[in-house]
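Below you will find one chain, with nothing else, as structure tokens; this is the form predicted alone, and questions on how it binds or moves follow later.
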């Protein structure tokens, strides 16, 4: 297979294996060894590159995904005789020790400053939250990015442009790797390869394939099908197309305005690098009880749309996911969209998760709640869902019944929390014990007391 792209300004043609990882091509074929591999699972950020200007994890990209793309590695950001201002700032502020994480840090910082030329320290920390450093510490790194922002204020810095390059790989293709451009293309490919694995972001799937927990199969990537991307506002209902990335959803006004509960969950999902690649449809189809978007979607009573060449069917999300990693998706079907009714504009929408760290945290327990109160604080309606405390997302109708028709108070929430602790069925694993998860699930409900006070204060 011939893959044509642009790498650091060079028109590049790569011959061979379409399912090779991009990090391997960069390092082994192109000698661009500034791109490092740390975890190989999308968690450390050492392999960060820019793809069409956006940070991506090259350990979670296949060669075929480079077709017609513009790639920038750490070698491509400086002038021929000088460092990029961000690189200079890292040196001047001592933000480098072993240097292994530095290329990814620098590229994430370059992207940040191209979009936010005057970031505060919190924004810098958020932008770099997917790039882990094991030895320098983060204070000097944040100092360096802050200084680079000042230095770049009046600089028009250009990425260097080089000549053309052709890279050969005479190894035989192991499996077909397909990139449909439209749904019409997709149905034909799925007919030709009925056993193919269909995915969009690959932030879970590609890690599992590499670890051997999922056998390699023919792969069909949905990332270039524009018909599966975006958010459509139908007045009282939003339709979220399944291949929309998390980063795109965070920038969709309809999501932030009408579904803040979902926006809150996405904002703490993975890292900026993972959010650039992962999609909401993939998060649903992975069907992990710890999936951050699932509890909000259950609380929103979302419906999923399943499309195939034969047509479309729709069902509630709690009927789509039937167990850990298990859905009712049929051969030849994809999850194409998620339909969500807009909650009442005055409803309290709350999401919270508990994890071991602030970024890239796998949820130990999470809760999504939508509560509508009357003017005098009576619960008129409630929808509650918990993640990471059962084989699927847990809802608790008994707790809802205890709240509806009553004034929302600490005592009433404590009664409902006691019901929740009995209803959930968590497991003990390396991250937490079942008893801890059970306690947290109940305690998360108590946070709604603070939310209701804020809500009533705004009304007054």
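Please read all numbers here as calculations on a predicted model, not as lab measurements. Residue numbers count along the first chain shown, from 1.
The same protein has a further form, the form predicted together with a small molecule, not shown here; the description that follows concerns it.
Review point. So which of 110, 385, 249, 334 gets a non-hydrogen atom within 4.5 Å of the small molecule in the predicted complex?
Key: None of the other options qualify; the answer is 334.
Check your understanding: Within 4.5 Å of the small molecule in the predicted complex, heavy atoms considered, which of 144, 379, 242, 71?
Key -> Of the listed residues, the single hit is 242.
Review point. With the partner removed from view, which of 144-152, 339-347, 369-377, 264-272 is the stretch that lies within 4.5 Å of the small molecule in the predicted complex, judged by heavy atom distances?
Key: Stretch 264-272 is the one.
Check your understanding: Are any of the heavy atoms in residue 352 no more than 4.5 Å from a heavy atom of the small molecule in the predicted complex?
Key -> No.
Review point. Within a 4.5 Å heavy atom cut-off, is residue 298 in contact with the small molecule in the predicted complex?
Key: Output for residue 298 is no: heavy atoms all beyond 4.5 Å of the small molecule.
**Study point:** residue 286, heavy atom within 4.5 angstroms of the small molecule in the predicted complex
**Key:** Result yes; residue 286 sits at the interface with the small molecule in the predicted complex.
**Study point:** is_contact(residue 89, the small molecule) in the predicted complex, heavy atom dist at most 4.5 Å
**Key:** Contact with the small molecule, no.
Exercise for review: Give a yes or no on whether every one of 180, 187 and 189 sits within 4.5 angstroms of the small molecule in the predicted complex by heavy atom.
Suggested key: No, none of 180, 187 and 189 comes within 4.5 Å of the small molecule in the predicted complex.
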